[in-house]
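In structure tokens, one chain follows: the form predicted on its own.
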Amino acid sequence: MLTLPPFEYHAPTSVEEAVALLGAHPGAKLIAGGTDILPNMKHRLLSPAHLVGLKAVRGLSDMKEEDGCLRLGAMLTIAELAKSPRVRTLFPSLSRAAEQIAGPQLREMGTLGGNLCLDTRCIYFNQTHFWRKALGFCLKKDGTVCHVVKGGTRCVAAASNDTAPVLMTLGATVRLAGPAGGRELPIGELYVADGVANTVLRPDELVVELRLPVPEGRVLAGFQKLRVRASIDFPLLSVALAAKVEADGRVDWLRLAVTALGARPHSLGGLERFAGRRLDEPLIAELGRLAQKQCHPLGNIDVEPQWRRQMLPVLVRRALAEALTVPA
């Protein structure tokens, strides 16, 4: 049986108290639903001496609509996101992504903030200590080599958070709290290309809220996830797409984001070329080819990278087909 290493648990009741605890205990980790950090601790992938729990922190589980935005607290559970009629109506792709995360029991415990800050995963890292030691460890922990990219100097463990690419396509911003107060940034700027620590969060900061602008006009949005099993599994590839379409059927703007390729979710560039065009078969085919050109899966997941790359245009087409079936 896997056991937890020893640690001291702290239960703050305010954001300010949580921030103070993180500052007072260097190396402390946050725990929200615990669905990611506790298994990792049991496998000795990390062994913090202090855990700062967020369950009792006031206001972090709120959902409210004001100032043209839907505000989602970081401690909202994945199940609440999936089931919320308001989220399903305004942001169906976010609801769709949430209902495909893990299994029902884990969705009841896992949180939005936890999913955004989910630790990166790699076939060479998410193993037992004995297995990793036999291989000589890796850049992400205890070692000096990357087994995915030979000679690589930066960890390329895969971002596996399904909500992140959806929120990127929906123009979300994330609000952080720290000792100097709060700061807000576009969700895409939360991530960096480093699998060891792939967010810009400082050791004494935490995610407190997501803000999603309520769509104006006809905005289509879809989400598709590739995985070995249709439940439980982390993504082999996730694709999120959103497009604002005018009354005459022409595209105003188009966004597409992908996760599970490398250490951070990837937002496709060059999509301005589709503005003013009709959302038809030639556009969809071109968008799929562009996704293949810009996205290069690595061998950080236990499936063939080339197969994942070939699936990109398939998932793009499916995401768009799904978006078109949702009433705008």
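Not measured: the values here are computed from a predicted model. Just count from 1 along the sequence shown to find any residue number.
Unshown form predicted together with a small molecule; subsequent notes refer to it.
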Sort through 210-218, 95-103, 246-254, 179-187 and report the only stretch with a non-hydrogen atom within 4.5 Å of the small molecule in the predicted complex. 95-103
Partner-free chain; cross-checking the small molecule in the predicted complex, the single residue of Val200, Ile232, Val228, Ala134 with a heavy atom within 4.5 Å is Ile232
Tell me, which of Val258, Leu206, Leu72, Leu170 has a heavy atom within 4.5 angstroms of the small molecule in the predicted complex? Leu206
Even though the small molecule is not shown here, does Gly34 get within 4.5 Å of it in the predicted complex, heavy atoms only? yes
Answer yes if any heavy atom of Gly222 is within 4.5 Å of a heavy atom of the small molecule in the predicted complex; otherwise answer no. no
Could you tell me if Cys117 has a non-hydrogen atom within 4.5 Å of the small molecule in the predicted complex? yes
Against the small molecule in the predicted complex, would Val303 count as a contact residue? Criterion: heavy atoms within 4.5 Å. no
